[in-house]
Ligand SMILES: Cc1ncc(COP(=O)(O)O)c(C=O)c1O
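One chain is shown next in structure tokens, namely the form predicted on its own.
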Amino acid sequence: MLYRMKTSYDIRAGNAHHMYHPMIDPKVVQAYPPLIVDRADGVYIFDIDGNRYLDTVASLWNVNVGHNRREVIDAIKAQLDKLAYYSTFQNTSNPPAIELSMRLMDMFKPEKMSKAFFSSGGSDAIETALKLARQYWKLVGQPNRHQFISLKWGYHGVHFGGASINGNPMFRNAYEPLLPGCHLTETPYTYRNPWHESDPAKLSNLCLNELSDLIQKIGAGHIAALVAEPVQGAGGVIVPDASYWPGMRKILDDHGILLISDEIVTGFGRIGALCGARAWGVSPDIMAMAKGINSGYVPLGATLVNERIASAWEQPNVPAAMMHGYTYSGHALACAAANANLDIVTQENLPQNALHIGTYFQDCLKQLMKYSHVGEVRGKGLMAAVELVTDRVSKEMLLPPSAYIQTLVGTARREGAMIRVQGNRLILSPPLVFTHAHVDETLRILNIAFSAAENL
């Protein structure tokens, strides 16, 4: 019999030494070892020393129902007692995955969604959407439609397909050259745009005109789909005018181009509707979802296609195998967590709470305009950004490394809140179970943090 010696590891000593962290230079991690999060409950997280922090970012946009929800944990435990995992490759399935597919079709019946393809997260969901869009056009006899359009400042994950359509150079430069045939068009970003247009409706029209021109330049017969977020997340919570998505949908329909809605952040209630496209009155052809689908309890992504797209795979005598999939597609634990999570989303009407508390949240955040390095505060629902600038006249971005940003984040943490600054944007995306009291606590801490940063 073989015996293995039990080894004890010093967690504190090992912090930052053997683990790469996402979206950061490893040298920075070495210089500033990460906060070790040990447990969480509700809208709070606790470090290894027992210090409590208000989670104003829902971890990474995704813990929508809050941490340590017993309903989700109990569903995972119950599923573990029966089946933790079995592949869905060999024409096999499992009850939680089947239930989740049916539930999603019911939730997104207004958008005429018909089928779901499960994966392990948002980047997978986008990759799946891109591949299904290309295969769709091959199945319907238009194989030349293989190029994509996306919006500047958009973010669509870290796989090569998603990175190729990302609209922020920060997420592209280290990995170029990327996939050919991916084109960017202007996004309706009122604070920063080439026309210096601050009127949202006028800017929407300018952006739609540019989109039309780009389609003419590429040739509609070469374009598979346009990919966009209903509200851009990592790009800085860029909220379009209400005219933009309906106008975009019409242009795409006029040219026979598919619309892929990246709902990874906006799905399941964050901006006050069950999906972001619905908030703008638009039905996409394909939807990519993750994050709020099960609030991060077990990794999961989903790509939904509407009836029109699904019909391409149902043509008789047309070979249509999906040569695409993930080891963990339809993972039983992830789907069980999603079913319990979506029960909470529905029963507690979290989209409505996001709309109600989000209105109060957005109003309260406007008081931050009193600080000299705040250029703009914007958002929708429980999704907001505070744009940091060196001064308001030039609008020059206040970027890291910056003593101002270090002080802002460090002071907030010492006062008991986790906040996130990406580039020059303070991003706020709390759990959808936030209350008025939590908003007040957030603003109290932010005022302390901004005052400290301004007094450097």
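Because the structure is a prediction, the values reported are computed rather than measured. When you see a residue number, it is the position in the sequence shown, counting from 1.
Absent from the display: the form predicted together with this ligand. The rest refers to it.
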Residue 122 within 4.5 Å of this ligand in the predicted bound form, heavy atoms: yes
Non-hydrogen atom contact residue 53 with this ligand in the predicted bound form at 4.5 angstroms: no
Non-hydrogen atom contact residue 155 with this ligand in the predicted bound form at 4.5 angstroms: yes
Residue contact check: residue 225 to this ligand in the predicted bound form, 4.5 Å heavy atom: no
Contact assignment for this ligand in the predicted bound form, among 130, 264, 277, 286, heavy atom within 4.5 Å: 264
Whether 61, 229 and 291 all lie within 4.5 angstroms of this ligand in the predicted bound form by heavy atom: yes
Partner-proximal stretch of 171-179, 358-366, 311-319, 264-272 relative to this ligand in the predicted bound form, 4.5 angstroms, heavy atom: 264-272
